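What follows is a single chain, given as structure tokens, in the form predicted on its own.
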């Protein structure tokens, strides 16, 4: 049975910059990946699009949907958006129930989402809180419940833009060298945030340097960093 990955991002493009390599790596290994954006980022994450004369919020959403769907497909994943609005992103009871239902439906082995803190983005911590709460509800605290539950998935946080200011402590480094070209192609799709391509290309090189030093693998050229939230359970050391 294929392993399943669920990526939950606050905005439509977050998954590409922070976990595009992880998604492509997961799919290349035979897994199935699903990306759920809580919003399109139409207000606060689409500055380039708002430079166009006569731009409208609905058109920005359409462009962002097209970009995110194409980027996800390049990585081997499927994309969907709950369209909850951004700046501020607000997750009410109904939205939380939708997110919980998605986790139950997907029954992921692994969930990737935002870090718990971000002093520069009001929506990212909201996405974390909603994901963590939905994960707990979907797994029923790991015990039998009066509603359908799934086996507790692993939870990893992807790297925020300013990790040192977000309480982010990377303890998982993923070699994305074999899929780096796919991530580059996915990043190039987002004309709405083209200025981030160089930043995340450089970040991948920096994390590769850290990974080489930690593991001694000389062939790692690009890497992504994650923070494991739950303890890792093993049957042998």
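Values in this document were obtained by computation on a predicted structure and should not be read as measured data. Numbering follows the first chain given and starts at 1.
Keep in mind the form predicted in complex with a further copy of the same chain is missing from the figure; the text below concerns it.
Q: Any of the heavy atoms of residue 156 lying within 4.5 Å of a further copy of the same chain in the predicted bound form?
A: Contact with a further copy of the same chain, yes.
Q: Taking heavy atoms only, is residue 209 within 4.5 angstroms of a further copy of the same chain in the predicted bound form?
A: Looking in the predicted bound form, residue contacts with a further copy of the same chain include residue 209, since a heavy atom lies within 4.5 Å.
Q: Hey, in the predicted bound form, is residue 140 touching a further copy of the same chain, heavy atoms inside 4.5 Å?
A: Residue 140 belongs to the contact set for a further copy of the same chain.
Q: Answer with yes or no whether residue 44 is in contact with a further copy of the same chain in the predicted bound form, where contact means some heavy atom within 4.5 Å.
A: The answer is yes: residue 44 has a heavy atom within 4.5 Å of a further copy of the same chain.
Q: Which listed residue (63, 187, 32, 174) meets the criterion of a heavy atom within 4.5 Å of a further copy of the same chain in the predicted bound form?
A: Exactly one listed residue reaches within 4.5 Å, namely 174.
Q: Of these, 89, 72, 99, 115, which has a heavy atom no more than 4.5 Å from a further copy of the same chain in the predicted bound form?
A: Residue within 4.5 Å of the partner: 89.
Q: Could you pull out the residues of 212-230 that have any heavy atom within 4.5 Å of a further copy of the same chain in the predicted bound form?
A: Counting only heavy atoms within 4.5 Å of a further copy of the same chain in the predicted bound form, the contacting residues of 212-230 are 213, 214, 215, 216, 217, 219, 220, 226, 228, 230.
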